[in-house]
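Consider the single chain below, provided in structure tokens and representing the form predicted on its own.
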């Protein structure tokens, strides 16, 4: 039996992947490298590790490690030891990579306006899909059950206890969990 949602998701995925390949080719990089730069440009400070990249892209740790080494060699990524936990290495885009990621982002998502209805429908679909299949992670902090709006208008992550800016709550977090609907 044909499922309309399947068809539309397949079509969106195919179009998105085609755009990634086009953007990567335009920038002279591999598609997986474009995906890595794109991810690092939209993830938060808790999610910029090789492990998170591996989980997000569904790639092996070895494959991600090789890609990160190449991107580092090309001056697109910097590795920095985490100041809070010396066992953790964080990945950061260089200014050159930030410019590339911005151009890639414009190719991947041309200005379609606010498209609030489509945004809400996609968010709802993602939430249903993740909850039904018991997947977690990789959502915007602003939709996370751990995110709290404080009385002074700032945000706080209930998982880490740290303050978050209004820009940070729009980024992807690997620890994200949707609030369960009643």
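Positions refer to the first chain, counted from 1. Throughout, rigid core stands for the largest set of C-alpha atoms superposing within 1.5 Å between the two forms. Not measured: the values here are computed from a predicted model.
The following text describes the form predicted together with the DNA, which does not appear among the structures shown.
- Of the residues given (123, 61, 45, 145), 61 alone sits with a heavy atom within 4.5 Å of the DNA in the predicted bound form.
- For the options 166, 14, 163, 25, the residue carrying a heavy atom within 4.5 angstroms of the DNA in the predicted bound form is 25.
- When contacts are defined as a non-hydrogen atom within 4.5 Å, all of 30, 51 and 69 contact the DNA in the predicted bound form.
- The closest non-hydrogen atom of residue 21 lies within 4.5 Å of the DNA in the predicted bound form.
- Within this chain, residue 96 is remote from the site of the DNA in the predicted bound form, having no heavy atom within 4.5 Å.
- Heavy atoms of residue 79 reach within 4.5 Å of the DNA in the predicted bound form, making it an interface residue.
- By the criterion of a heavy atom within 4.5 Å, residue 65 is counted among the residues contacting the DNA in the predicted bound form.
- Contact with the DNA in the predicted bound form, judged as any non-hydrogen atom within 4.5 angstroms, is confined among 51-59, 151-159, 123-131, 37-45 to 51-59.
- Shown without its partner, the chain has 84, 85, 86, 87, 88, 89 in segment 84-109 as residues with a non-hydrogen atom within 4.5 angstroms of the DNA in the predicted bound form.
- Relative to the superposed rigid core, the position of the CA of residue 102 differs between the shown form and the other one by less than 2 Å.
- Core-superposed comparison between the shown form and the other one: CA of residue 74 displaced by less than 2 Å.
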